[in-house]
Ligand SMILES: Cc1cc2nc3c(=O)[nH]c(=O)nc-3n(C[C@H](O)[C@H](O)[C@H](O)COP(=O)(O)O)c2cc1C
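Only one chain is shown below, in structure tokens, and it's the form predicted alone.
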């Protein structure tokens, strides 16, 4: 049985949903796992440590339909500092959209990166409604898929799963709007302010 590096590529790794998914995976996995969070300064150290692992699980959120820059910059470093034995790369990605298919482009980007750099590609779990689902009873659906992902990685398989909250788009939109309005109110921001571009300033 191999050893799995869990690599959190979220820009806010210490407080991220990706960290929660990484912890969930570690508990579900029969193989030994070790957790790393990508920062601006530890790229070389992670590349060096990768020599001791048979598999790498990339855990990250969808950013602008693609890979977050935190992870992308690390992958650029990894391309120039490959381990002597390249591990199999698997993916656990979550997005704030209801549809897990929104993650397709980011997964395709990683498949291409692995192909171009000689890394075998493993299994994928795509999660929709990523932030909301962890605080609902539907969390159990994620746990079930994470267990399947863990078993597939240990077995050296290449499979893909998708999971999201089994609710209508209308219901999801209403619930997410309430969440963000409440979140803005807690931080002194009105719904009207959130609807303008000035919110970015």
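Numbering follows the first chain given and starts at 1. Computed from a prediction, not measured in an experiment: that's the story for all the values here.
The form predicted in complex with the ligand exists for this protein as well; it is not shown, and the discussion that follows is about that form.
Peer 1: Within 4.5 Å of the ligand in the model of the complex: all of 87, 123 and 151, by heavy atom?
Peer 2: Answer is no for this spot.
Peer 1: Hey, in the model of the complex, is residue 62 touching the ligand, heavy atoms inside 4.5 Å?
Peer 2: Because a heavy atom of residue 62 falls inside 4.5 Å of the ligand in the model of the complex, the answer is yes.
Peer 1: Classify residue 95 as contacting or not contacting the ligand in the model of the complex by the rule of any non-hydrogen atom within 4.5 angstroms, answering yes or no.
Peer 2: The answer is yes: residue 95 has a heavy atom within 4.5 Å of the ligand.
Peer 1: Using the partner position in the model of the complex, report whether residue 12 sits within 4.5 Å of the ligand, counting heavy atoms only.
Peer 2: Yes, residue 12 sits close enough to the ligand in the model of the complex that at least one of its heavy atoms falls within 4.5 Å.
Peer 1: At 4.5 Å between heavy atoms, is residue 131 in contact with the ligand in the model of the complex?
Peer 2: So residue 131 counts as contacting the ligand.
Peer 1: Thinking of the ligand in the model of the complex, which stretch from 22-30, 158-166, 40-48, 62-70 has heavy atoms inside 4.5 Å of it?
Peer 2: Every other range fails; the passing one is 62-70.
Peer 1: Going by the ligand in the model of the complex, which residues of 14-52 come within 4.5 Å of it through any heavy atom?
Peer 2: If the 4.5 Å heavy-atom criterion is applied to the ligand in the model of the complex, 14-52 yields 16, 17, 18.
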